[in-house]
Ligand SMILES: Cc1cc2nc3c(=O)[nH]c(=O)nc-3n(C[C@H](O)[C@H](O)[C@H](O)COP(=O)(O)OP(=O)(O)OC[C@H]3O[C@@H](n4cnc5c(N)ncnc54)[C@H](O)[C@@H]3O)c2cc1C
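Consider the single chain below, provided in structure tokens and representing the form predicted alone.
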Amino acid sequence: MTENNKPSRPDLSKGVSLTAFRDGKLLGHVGEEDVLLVQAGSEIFAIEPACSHYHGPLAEGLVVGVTIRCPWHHACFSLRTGEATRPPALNALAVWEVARDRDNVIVQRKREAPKPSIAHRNAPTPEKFVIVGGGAAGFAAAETLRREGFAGAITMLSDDGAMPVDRPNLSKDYLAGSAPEDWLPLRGEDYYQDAGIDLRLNTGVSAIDAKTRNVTLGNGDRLPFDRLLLATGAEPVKLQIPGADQPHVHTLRSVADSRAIIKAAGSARRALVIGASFIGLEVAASLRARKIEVHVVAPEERPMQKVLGSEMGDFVRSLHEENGVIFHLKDTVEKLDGTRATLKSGAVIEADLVVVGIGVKPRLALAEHAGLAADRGVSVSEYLETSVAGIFAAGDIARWPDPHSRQTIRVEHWVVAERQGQTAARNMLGKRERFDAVPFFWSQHYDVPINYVGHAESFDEIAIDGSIGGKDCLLKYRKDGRVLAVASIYRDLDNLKAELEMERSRG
């Protein structure tokens, strides 16, 4: 905190009146540290004011019971302990002791941060848990098992060469050049050693034997398990046209993919992005930040129309065009001959960098070969357990019964994968916790964030509050009169309230 901030914010160690609170919150400081006071019912709490995920301002967040939710990406924290109770935040926030004399509130000493569970060191058990996958769901599950005090063996098998990372950054800030490399890992290398998590990178899995409770690794070794979590994620759909296998043609899923695009962008003058999906357009925005000319080719009439509707699709297109992106919609690339891309319309685009973003498909082969029930994804119960007891699935591969949409759904959202990983971990420990979180994702386009909560595979009405063009709006997607999803631009608190309303009206 700078000296300039101090006069405008009260020194909470000297006391402050409840009458100074606004909407149940007051931002002040104790010494050099910013502190947020929050009134929840009859209690007053003091907590660090910035979300531990991307430092969203909790003073603009939503208080629910004795928790506070971040307005940016819907992380949730306990006001009592500072613990991160819902992803995408993983790290706890500092909290302070509070004394109260009628309407006067005084912030006292900072509480000691709770120590991570070390049950695995003190009381090892013979149980063996195996996690297949090194993405959001797999990492969240491993971390939650230790946080819940599981003292057995945890082996995490990842076919990636990088430790679990903050994947949304790969198409956003990191690709744009505004986020450093050390922002990417979800945890440092020492975390896995300290937590007793056997993280094996570059490790493929060739088979799962549900009867003998064994995983066969790519090298033929067998690994026994008592409980198994499948979190194999999704892989990019490959472009099936002549020339798609050239070295300057990229997809984006892993750290290595993002690094390869960044390296290629260093000498590229013009980029061709095939596909106007969220990933494709985030890549377009990131490459424009690197001053590269960008062309986007896609078969649809408007970008993201199926998910966001026509008006929001038109806005997204205009936003990108204002930033120099050139669209070729209702068109497809028929062949790539060197740097020459020929479109179905007959147009030709010369591009020395091509990024393909035409969707992803769930990696289901292991589950199907193991005999697990599948339906356009691995079928799981409300507890994220597959058709075989003791084997769970989470993340991009899982199709679960969603109480809000009243359908079985599968979504490819980072936050959903993390939340499912946590729930699956607790259920691997026998907790029987239903997964009923409302899906959430965010997408960033230049300075415009789009937050989306809920899930609408189709809709028959969009109610728009505010101005899409004015970047101040809340859109409600309805089917048969029910609100299935809500999208917003700079209506963060309203988006949080919509999420809460959906939670409270499940089923």
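Residue indices: 1-based, along the sequence shown. These numbers were taken from a predicted model, which means no experiment stands behind them.
Note that the form predicted together with the ligand isn't included here; everything after this is about it.
The ligand is not drawn, but in the model of the complex it has no heavy atom within 4.5 Å of Gly324. Taking non-hydrogen atoms only, Trp96 never approaches the ligand to within 4.5 angstroms in the model of the complex. When contacts are judged by a 4.5 Å heavy atom cut-off, Thr232 counts as touching the ligand in the model of the complex.
In the model of the complex, none of the heavy atoms of Arg399 sits within 4.5 Å of a heavy atom of the ligand. Note that among 262 to 270, 97 to 105, 132 to 140, 340 to 348, the stretch whose heavy atoms approach the ligand to within 4.5 Å in the model of the complex is 132 to 140. Screening His248, His328, Arg167, Arg288 for any heavy atom within 4.5 Å of the ligand in the model of the complex leaves a single hit, Arg167.
Comment: the ligand is not present in this chain, but in the model of the complex one of Ala75, Leu384, Ile279, Val316 has a heavy atom within 4.5 Å of it, namely Ile279. In the model of the complex, no residue of the candidate spot (Asp173, Glu293 and Val356) has a heavy atom lying within 4.5 Å of the ligand. Contact annotation for 362 to 401: residues with any non-hydrogen atom within 4.5 angstroms of the ligand in the model of the complex are Arg363, Leu366, Ala394, Gly395, Asp396, listed in sequence order.
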